[in-house]
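A single chain, nothing else alongside it, follows as structure tokens in the form predicted alone.
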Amino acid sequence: MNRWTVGSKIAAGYALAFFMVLTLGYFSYRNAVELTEGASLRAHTFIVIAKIGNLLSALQDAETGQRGYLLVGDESYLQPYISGVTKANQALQELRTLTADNPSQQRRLALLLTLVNDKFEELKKTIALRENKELAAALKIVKTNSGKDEMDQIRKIISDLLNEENSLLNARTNLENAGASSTRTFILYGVAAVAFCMMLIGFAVTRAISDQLKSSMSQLASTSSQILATTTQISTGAAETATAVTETTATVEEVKQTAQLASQKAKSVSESAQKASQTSIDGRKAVEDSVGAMQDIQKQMETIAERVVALSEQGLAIGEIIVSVNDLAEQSSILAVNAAIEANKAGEHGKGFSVVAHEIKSLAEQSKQSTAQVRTILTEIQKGTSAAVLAAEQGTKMAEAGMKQSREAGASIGRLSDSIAEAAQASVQIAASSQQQMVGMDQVALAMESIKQASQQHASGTRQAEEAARNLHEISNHLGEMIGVS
């Protein structure tokens, strides 16, 4: 698997191109140095040739000055001789220095130095004879042609020197021309080769980067499409969840109001039961008073009958309230089940609501049990009131047995008082249960409000995620267009 990054590929391409340019520059520099050295050697050869020409010219000047002095005898004609000797010696010394790296030329210069010295001795001798007025002797020496022979040998050696230098010059010129030609050829084809290789490298790097970017962009486009589809589904689900939570919150608010009404009714039942208990106490006191005052038994019995009838009616009213409370408990149980289902749907945010729903269900069960107990007690109360009514009628008809009947009525009223006390206690329990239901419903309402806020935040977050996914998808499409991914 290719682990090269885009940066490493670009760096590798530039490094290879730099290496090729550096190689081309190195060989070009080496050829340029060789050309410079060749040009320096050619210049050196030209200098040697010039010095050889200076030497020959100096020798000719010396010979010319000697002949002119011999013919005229004027010392002014010796000036070319004097300067020629000086220049010739200087030229010989410079040539020995310039050709120090050429053994063959050094040998020729050594021989030439001997000949030149002999020539200068011959010229000096003839000049000395002419100074001593011995022209004939001087001419005799000249006519021997020894000076001419020496000069011919000198010219031959100088010619050999020139031929050697010209041969070196031609060789160096050819070598320089060949080097220049090879340098031009190398630079021309080298630059073309480097340009071609750089084009290939650029194409390869561009293609590799383009392929890698196309592959990455395809994966990015696919991933961004999946993210966009997923966030869209999540956003839709969050919106639906928020709507369901809002509806559930409204339902819980309605249940809360119903629970408040039930609490108020339970409180009213409790107050009625307390009043009934107080009434039974008053009835017991009236029976006790009837034992001491039988003469008012008729009136007291009628009063008792009326009160017992009213108590019976209150008992019926309490029965209706108990039916309502029982219905409310049934509804609370159903709502608790629904709330538990909604809590499970809400997931982590619905755990607290699930606990509250379970508590409501428990309270509803307690309310059903309490209403069952109250119903049993009311049944007994109704039986007692019926018996009290019957006893009151019999007491009216049987006034002569008032004492006996009064005692029986007192016992019945005592039982009635106990039953009413139990009913009052049950009603108090119902009121407390209703109050607990109210507290539970408040907790449910708070939990639903928290769930509602969380669902709204979740919906907002999913909308932002959806927008970010959509932006990512657009960016991936734009990058795909830039690199040519359709």
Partner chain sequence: MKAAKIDWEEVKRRLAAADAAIALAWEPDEAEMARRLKMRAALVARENEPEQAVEDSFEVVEFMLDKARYAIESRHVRDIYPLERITPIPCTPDFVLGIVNLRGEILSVIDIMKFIGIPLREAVDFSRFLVLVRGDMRFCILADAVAGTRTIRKADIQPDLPAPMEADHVHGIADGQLVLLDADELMQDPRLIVKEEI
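Numbering follows the first chain given and starts at 1. Remember, it's a predicted structure, so these values are computed and weren't measured experimentally.
Although it is not shown, the form predicted in complex with the partner chain is what the next lines describe.
Quiz item: Is there a non-hydrogen atom of Arg184 within 4.5 angstroms of a non-hydrogen atom of the partner chain in the predicted complex?
Solution: No - in the predicted complex, heavy atoms of Arg184 and the partner chain never come within 4.5 Å of each other.
Practice problem: Spell out, yes or no, whether the shortest heavy atom distance between Glu94 and the partner chain in the predicted complex is within 4.5 Å. | Solution: Taking the distances in the predicted complex, the answer for Glu94 is no, it never comes within 4.5 Å of the partner chain.
Practice problem: Determine whether any heavy atom of Glu134 comes within 4.5 Å of a heavy atom of the partner chain in the predicted complex, and answer yes or no. | Solution: Heavy-atom contact with the partner chain at 4.5 Å: absent for Glu134.
Self-check item: Proximity of Val355 to the partner chain in the predicted complex, heavy atoms at 4.5 Å
Solution: So Val355 counts as contacting the partner chain.
Quiz prompt | in the predicted complex, segment of 150-158, 69-77, 195-203, 335-343 with a heavy atom within 4.5 Å of the partner chain | solution = Checking each option against the 4.5 Å cut-off leaves 335-343.
Exercise. Quick one: from Thr232, Thr249, Gln366, Thr223, grab the residue that has a heavy atom within 4.5 Å of the partner chain in the predicted complex.
Key: It is Gln366.
Quiz item: Of Glu302, Asp118, Glu176, Glu330, which one comes within 4.5 Å of the partner chain in the predicted complex, counting heavy atoms only?
Solution: None of the other options qualify; the answer is Glu330.
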